[in-house]
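Take a look at this one chain, the form predicted on its own, written out in C-alpha cells.
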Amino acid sequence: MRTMGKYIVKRILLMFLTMFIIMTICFILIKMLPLPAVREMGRDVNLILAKREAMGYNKPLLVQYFLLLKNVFLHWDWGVGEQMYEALNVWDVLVQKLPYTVLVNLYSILLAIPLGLVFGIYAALKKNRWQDHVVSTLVVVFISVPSYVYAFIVQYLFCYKLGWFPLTIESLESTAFFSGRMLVSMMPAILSLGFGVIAGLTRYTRAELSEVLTSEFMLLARTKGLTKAQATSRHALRNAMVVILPMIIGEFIGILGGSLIIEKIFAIPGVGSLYVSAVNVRDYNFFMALTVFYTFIGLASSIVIDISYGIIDPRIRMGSKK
C-alpha cells in the first residue's frame, strides 16, 4: 500500500509537470500567430485595442504568461472572451456548455460498452470460425473509418432519407436535458461516436479472451468437470476482465474529452465545438482554458487506468521494483 501511494503521488506530480509543459508550449505557439483583424462591421476598433492593451497583449510573452498563471492560480480567472462570447467569463461559458459534451459521450459509451463486450466474447468463443471472421472483418472496417465519415452516413441515411432523427439536437429551452426527446435528437451523434468504441472494445475483448481460453488453467477447469460455459464465465471472463476493465474505466473518465468534429457536424453546443471555434478565430483565452481542460482529462484518464490495474487485481503492484 505504501508503494502504491508513492506511485500515485509520483504520477500526479508528473501529470502537473506535463500539463505545465504543454500549457507553456501552446501559449507560446498561439501567441506567435498574428492577431485577428479587428476592423469588422459593427465592432468598436478602439474598444477592442484598449481591451487588448489591458490584457497585456503588447507586453513580452513571458510577462503575458506570468499574468495568465497568476490569474489562474490565485483567482481561477481564465479571462473573458475576445473574438467570441465577448466580455463573458471563459470558465462560465465552458461550464455552461459542458453538460452537452458529457451527455452525448456518456450515452455513446453506455451504448458501446455492452455491445463491444458481447461481440468480443462471441468472436472469442467462435474463434477461427466464419462468425469470428465476419466480426473481425467488420471490426477492421469500423476502426479504419473515421468517426466523421459515420456522421455523414448517419445524417444522410437516418436523418435525411428515413427521417428517424433530426439533423441537429434540441435546445435546452425547448426540451428537458434528460428527456426522451433530447435522447432522440442526440442519437445521430451517439451512433457516430459509438461505432469506433464498439469496434475497439470488440477487438480488445476478443484478443484477451481468446488468449485466456487457451491457457492451461482452463484445461484444468474442464478436466475437473466444469462445462465450457461454466469455465468461461467463472474463470476465463474474470481473468480477461483484469485487462479489459481498465479500458472501460478509462472510457468513462475520458467522456469529458468529447468529440471535436462530431459536435461541430451535429451543431452540438458543447465543449468540443467551442474548442474548434476558439482555434479558428484565435480567441487566446478560450484556447488556453480548453487546452488545459483536454490535457487534464487525457492525463487523468491514463493515471486512473494505471491505478485500476492494482485495484482490480491485487497481485499487480504498481510502482514496485520487484
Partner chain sequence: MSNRNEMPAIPLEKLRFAQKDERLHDVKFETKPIGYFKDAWLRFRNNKSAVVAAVLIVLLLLFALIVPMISNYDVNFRDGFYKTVLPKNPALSGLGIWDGFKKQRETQAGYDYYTSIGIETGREVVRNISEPTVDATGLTYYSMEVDSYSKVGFIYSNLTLDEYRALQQYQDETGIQVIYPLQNTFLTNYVMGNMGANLWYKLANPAPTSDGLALYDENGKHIPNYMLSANASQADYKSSRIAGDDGGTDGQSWYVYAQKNQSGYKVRVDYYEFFKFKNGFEPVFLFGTNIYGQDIFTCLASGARLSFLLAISVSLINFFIGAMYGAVEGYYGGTTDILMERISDVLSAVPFLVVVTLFKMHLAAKVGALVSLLFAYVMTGWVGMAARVRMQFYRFKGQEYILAARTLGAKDRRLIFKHIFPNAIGTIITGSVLSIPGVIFSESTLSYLGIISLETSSMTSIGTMLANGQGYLSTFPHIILFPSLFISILMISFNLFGNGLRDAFNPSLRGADE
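Numbering follows the first chain given and starts at 1. Not measured: the values here are computed from a predicted model. In this text, rigid core is short for the largest set of C-alphas that superpose within 1.5 Å between two forms.
If you look for the form predicted together with its partner chain, you will not find it shown, but the lines that follow are about it.
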Looking in the predicted bound form, is its partner chain within 4.5 Å of a heavy atom from each of Ile21, Val149 and Ile261?
yes
Scan Tyr156, Phe217, Tyr122, Trp164 and let me know which has any heavy atom within 4.5 Å of its partner chain in the predicted bound form.
Tyr156
Can you pick the one in Leu245, Met84, Leu110, Val140 that has a heavy atom within 4.5 Å of its partner chain in the predicted bound form?
Val140
At the 4.5 Å heavy atom threshold, is Thr223 in contact with its partner chain in the predicted bound form?
no
Given that the partner is absent here, does Lys59 sit within 4.5 Å of its partner chain in the predicted bound form, heavy atoms only?
no
Wondering, does Ile265 line up within 4.5 Å of its partner chain in the predicted bound form on heavy atoms?
yes
Can Lys70 be called a contact residue for its partner chain in the predicted bound form at 4.5 Å between heavy atoms?
no
Which of the residues spanning 201-220 lie within 4.5 Å of its partner chain in the predicted bound form, based on heavy atoms?
Arg203, Arg206, Ala207
Superposing on the rigid core, do we see a C-alpha displacement of 2 Å or more at Ile25 between the shown form and the other one?
yes
